[in-house]
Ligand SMILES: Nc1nc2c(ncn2[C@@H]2O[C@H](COP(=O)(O)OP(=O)(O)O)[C@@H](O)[C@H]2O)c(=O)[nH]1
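Form predicted on its own, single chain, as structure tokens, below.
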């Protein structure tokens, strides 16, 4: 067997190498921390720790910038990064996108918090604008549920309840029950910081930067882009409007280019 035939036979066994994302679809890369329940319990304050959130935001920013995304959203130990239908990074090869996004998240978070951590990655595809809106409404609803459960659970644990006791107390209970449990202990869940209840969004914004033209020796103004970190996201219908505006702005910019 010559070298070309041998190479071809080996390449043919790379079953997912040529699998690509469907063209013309909105894409979300979602990375999730592996084993983060124990990881965070041993290293961070509960139910929420600003240091952990900052590390997740740093990781989300790097993913947004390096993978040329439109919007990044992080809650708990997960990050979702949105890409428009025209996105062609790595020729939309699935294997490369999930492996590199997981690797980038793992390396960035580990450096940010000075602890070794790993993430996995998956892909979500949406055909319509409504699909994308529904996806981020879904993830924000999950953030609210996780926040309420976390506050209730760790409030009981800090009172001395065991894991089994705290879990048993909350099992099958309603949202109202958990809110009342917290309120009776001096915590109004509606006044908990918005980033804990709604997650954190990162997106591009333009701004004017003053400069100086050395040739004409005149002051000039240039338009630049930067990532905005939004820790006070809207919710429900207002969040729907927020996401739709991001999508439509992207579509307008693509038409102009």
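The shown structure was predicted, so the numbers you read here are calculated from the model rather than taken from an experiment. Numbering follows the first chain given and starts at 1.
Heads up, the form predicted in complex with this ligand isn't pictured, but that's what we're talking about next.
A.B. asks: Could you confirm whether residue 48 comes within 4.5 Å of this ligand in the predicted bound form, counting heavy atoms only?
C.D. replies: The answer is yes: residue 48 has a heavy atom within 4.5 Å of this ligand.
A.B. asks: Answer for residue 69 alone: is it within 4.5 Å of this ligand in the predicted bound form, judged on heavy atom distances?
C.D. replies: Judged by the heavy-atom cut-off of 4.5 Å, residue 69 is well away from this ligand in the predicted bound form.
A.B. asks: Going by a heavy atom distance of 4.5 Å, is residue 219 a contact of this ligand in the predicted bound form?
C.D. replies: No, residue 219 stays farther than 4.5 Å from this ligand in the predicted bound form.
A.B. asks: State yes or no: in the predicted bound form, is some non-hydrogen atom of residue 55 no more than 4.5 angstroms from a non-hydrogen atom of this ligand?
C.D. replies: No, residue 55 stays farther than 4.5 Å from this ligand in the predicted bound form.
A.B. asks: With this ligand left out of view, which of 206, 37, 188, 210 would have a heavy atom within 4.5 Å of it in the predicted bound form?
C.D. replies: Of 206, 37, 188, 210, the residue with a heavy atom within 4.5 Å of this ligand in the predicted bound form is 37.
A.B. asks: So which of 166-174, 88-96, 104-112, 72-80 is the stretch with heavy atoms within 4.5 Å of this ligand in the predicted bound form?
C.D. replies: Selected range: 72-80.
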